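Just the one chain here, the form predicted on its own, laid out as structure tokens.
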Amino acid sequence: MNRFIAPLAFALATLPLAAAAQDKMTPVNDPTTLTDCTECHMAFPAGFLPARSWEAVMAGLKDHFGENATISEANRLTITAYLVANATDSGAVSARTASRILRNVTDSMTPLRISDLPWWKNEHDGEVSKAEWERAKSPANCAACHRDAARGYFED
């Protein structure tokens, strides 16, 4: 019986570690993306949107959610390539995470905001108080609630 208890105890003890590893999203590590995007907001991990969404976002920088975020064409192409290569559906994100993020997102949908994803809405629905939303000022201000968002941690 003891030969079964030790492995079971180990498995149960490491469950939180496995869950924590899955809760981390690869942060942006491309210098051009970090420099240009963080002039106005945090650099969102590419794994939060499918490639088609990043292509649409980067094609519409002249009217980027009401702002002119135009950058040099060279930088736009560099950032687009980075985001597409690391998008949810690129294989850079684990299949489990991609499945969770893209649940209820059909191939005909091109969400432009992470906060438009059904997954995101479900994660935040009822969890964030009205006062917290007012303090954050925008659903795009991840760091208002997630201290380590820039490092890819969103579970706090």
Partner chain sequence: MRRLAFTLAALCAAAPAAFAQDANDTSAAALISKFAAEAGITADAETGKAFFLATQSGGGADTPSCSSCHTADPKATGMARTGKEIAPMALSVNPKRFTDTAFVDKWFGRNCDSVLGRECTATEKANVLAYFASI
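Residue numbers count along the first chain shown, from 1. The shown structure was predicted, so the numbers you read here are calculated from the model rather than taken from an experiment.
Absent from the display: the form predicted together with its partner chain. The rest refers to it.
- Its partner chain in the predicted complex is approached by Cys40, whose closest heavy atom lies within 4.5 angstroms of it.
- In the predicted complex, its partner chain stays beyond 4.5 Å of every heavy atom belonging to Lys121.
- Taking the partner from elsewhere, Arg96 is found to have every heavy atom lying beyond 4.5 Å of its partner chain in the predicted complex.
- Remark: Ala85 does not count among the residues lining its partner chain in the predicted complex, judged by a heavy atom distance of 4.5 Å or less.
- Shown here without its partner, the chain carries Arg100, Thr106 and Phe154, none of which come within 4.5 Å of its partner chain in the predicted complex through any heavy atom.
- Scanning Ala51, Leu112, Ala69, Ala92 against its partner chain in the predicted complex with a 4.5 Å heavy atom cut-off leaves one residue, Ala69.
- Residues of 120 to 145 lying near its partner chain in the predicted complex, listed in sequence order, are Ala136, Lys137, Ser138, Asn141, the criterion being any heavy atom within 4.5 Å.
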